[in-house]
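We begin with a single chain expressed as C-alpha cells, specifically the form predicted alone.
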Amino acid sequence: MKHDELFALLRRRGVLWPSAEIYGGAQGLYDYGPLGAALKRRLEEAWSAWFLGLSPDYHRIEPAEILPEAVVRASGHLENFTDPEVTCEACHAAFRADTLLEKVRPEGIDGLSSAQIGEILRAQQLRCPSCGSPELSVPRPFNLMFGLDFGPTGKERAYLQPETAQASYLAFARMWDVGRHRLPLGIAVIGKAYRNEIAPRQVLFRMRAFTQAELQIFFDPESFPVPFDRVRAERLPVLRVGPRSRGEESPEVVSAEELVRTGGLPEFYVYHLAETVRFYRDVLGYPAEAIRLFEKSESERAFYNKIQFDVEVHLESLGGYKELGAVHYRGDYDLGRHSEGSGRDLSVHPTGRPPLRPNVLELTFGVDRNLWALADLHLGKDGERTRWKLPAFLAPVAVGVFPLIEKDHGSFARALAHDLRAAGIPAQYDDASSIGKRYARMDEAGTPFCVTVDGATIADGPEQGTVTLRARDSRAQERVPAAALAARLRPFLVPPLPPGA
C-alpha cells in the first residue's frame, strides 16, 4: 500500500492523525486515536514481555523526562547531538543535508564533515525543494534538543530528554543499591523522547515527540554469561560493512554461531542480536525476508558505540529498508561520562570481584515506527475486503460482539461484551448495519475474532447458549458456549515470552 493511501486509512479509522489538526496540523507531531492508543499499549507490553523475559535481572523503571543541563553536558548531547542543516538563502527554508542528498547519495553522509557535505551539495548542483533557488548555505551543525527555562528565575537550564537511555544511566547507582549487587543488570525504559527535527517527514519516522523502548544492560566485559545454545543455530540476515563497501544491499543469512566464530563478534552481542530478530519475526510477525541487520562502520555509527547493527525492515509504503531498532555496544562511555560529570564514581564491587565500571549493551526499539510497520506489513486488501492481520495479542479490539437481530439478541450480546471486558478481554459491541459489514469493519481494525449472538443462543439460555465464533484470517466459524468464551480466547491474547524464559 502506498504511503498516502496507508496514512489516509489509518486516519479514517482513528488510528492516528496530525496533532492540532483543526489548525492545520503541527509538523512532526501526531495524536493517536482509540485504535492507535490501544495498539501502542499492546506493542509496548509485547516488547516488555519479550525483552524483560530474557533475564530475571532485567527491570523496567519510569523516570522523569526533563534532564538538568549538567546531565546532557556530561553525556555529550550538547556537543554532539546534531544534524547537518542546510538553509535556502532565497526563501530561508531549512532542510536536513542527508534528506537533500538521499536520491543522489543513497549511502548517506554519516562520518562526513560539514565542509565535505557542502562540496557534495555544490557538485550535485542541487536546488531548494521549496523555491528552486540554487543558493543553499554551507551545512551547519544543528542541535536537536528542546531547551527549557527551569525554575522560577529562568536562570537554570534543562532539556527534554532526547533519548530515554540517559535515564537508565542516571538510575544505575540506585538500581545497584536496591538490587542484588550483581551483574548483568538490565534497566528498561519506555517513554517519550523529544527532538527538534529540522525537517520532520514520513509520518511516524521523523517526529519531534516520539516513544522509545530501550533496555540498557550493564555488564562485566570479562564475564557476561548468556544462554548462547538457545540461539546458536539461529539464521541471521546480516549486511556487514565489507559487502556494503562493494555495493551489496542484500543481507547474507548466516548462523549466530558463524557470526561469533568467523565474524569476530562477542557471544553476548550475537545472543541479544538473535533474540531481537526473533522478536521482530516471531512476535511481531514481520516476514523473515523483509528483515536485515545493517552493520554501521566506525565512521557511521554513533560516537559512543563500539559495535552497532541497526534492525531494518523493508516497508513498501516508504520505498525500502527503514530502521526500526538497533543493538548498540556502548562500552563504558556512559558511566564514564556521568562519573566525571557528577563527581561520583559509578564503579561497582560485585561479590568476589575487584571494582569495575560496567559496560553497556543497548537494545533500542522505536515504538511509533514499529506501529507504522505493523500497518505497512499486515494491513492490505484481501479480495474486496481490507484486513489487518495483526497478531491477536496486539489487536486493539480482541473480539467484536454482534447481535444477529438487535431487538431480539441485543441484550444478551451487550451483556456478553460486558462480561468479556470484565474478564480482561477487549470486546466491542456492534449492532450497526449487516453482519457482513460488521465483519468488514472489524477486519479492517485488526480484530482477530468476532462473535454473533442469534436465536439459538437465546433459546438455550445464558448457561448453555452457544454463539458463533468467527476467526479473522481463516474466516472459519464454529459454535462455542458463551460461558466458555473468555477461557477460549485468553491464551491468544498473551504476549509471547522468549523460549526458555
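Throughout, we count residues from 1 along the sequence that is shown. Just so we're clear, the structure is a prediction, and the values are computed from it rather than from any experiment.
Although it is not shown, the form predicted in complex with another copy of the chain is what the next lines describe.
Contact annotation: another copy of the chain lies within 4.5 Å of heavy atoms from the stretch 149-157 in the predicted complex, the single such stretch among 149-157, 310-318, 384-392, 259-267. Contact annotation: of the candidates Gly111, Gly341, Pro287, Gly132, the single residue with a non-hydrogen atom within 4.5 angstroms of another copy of the chain in the predicted complex is Gly341. In summary, among the residues Lys306, Lys192, Arg353, Arg127, the only one with a non-hydrogen atom within 4.5 Å of another copy of the chain in the predicted complex is Lys192.
Residues Met1, Arg301 and Ala440 are none of them found to lie within 4.5 Å of another copy of the chain in the predicted complex, as judged by heavy atom distances. Taking the partner from the other structure, another copy of the chain in the predicted complex has no heavy atom within 4.5 Å of any heavy atom of Ile291. Taking the partner from the other structure, another copy of the chain in the predicted complex has a heavy atom within 4.5 Å of a heavy atom of Arg12. Another copy of the chain is not drawn, but in the predicted complex it has a heavy atom within 4.5 Å of Ala20.
In the predicted complex, another copy of the chain stays beyond 4.5 Å of every heavy atom belonging to Asp376.
In sequence order, Ala26, Gln27, Leu29, Tyr30, Asp31, Tyr32, Gly33, Pro34, Ala37, Lys40, Arg41, Glu45, His59, Arg60, Ile61, Glu62, Pro63, Ala64 are the residues of 25-64 having a heavy atom within 4.5 Å of another copy of the chain in the predicted complex; the partner itself is omitted from this view.
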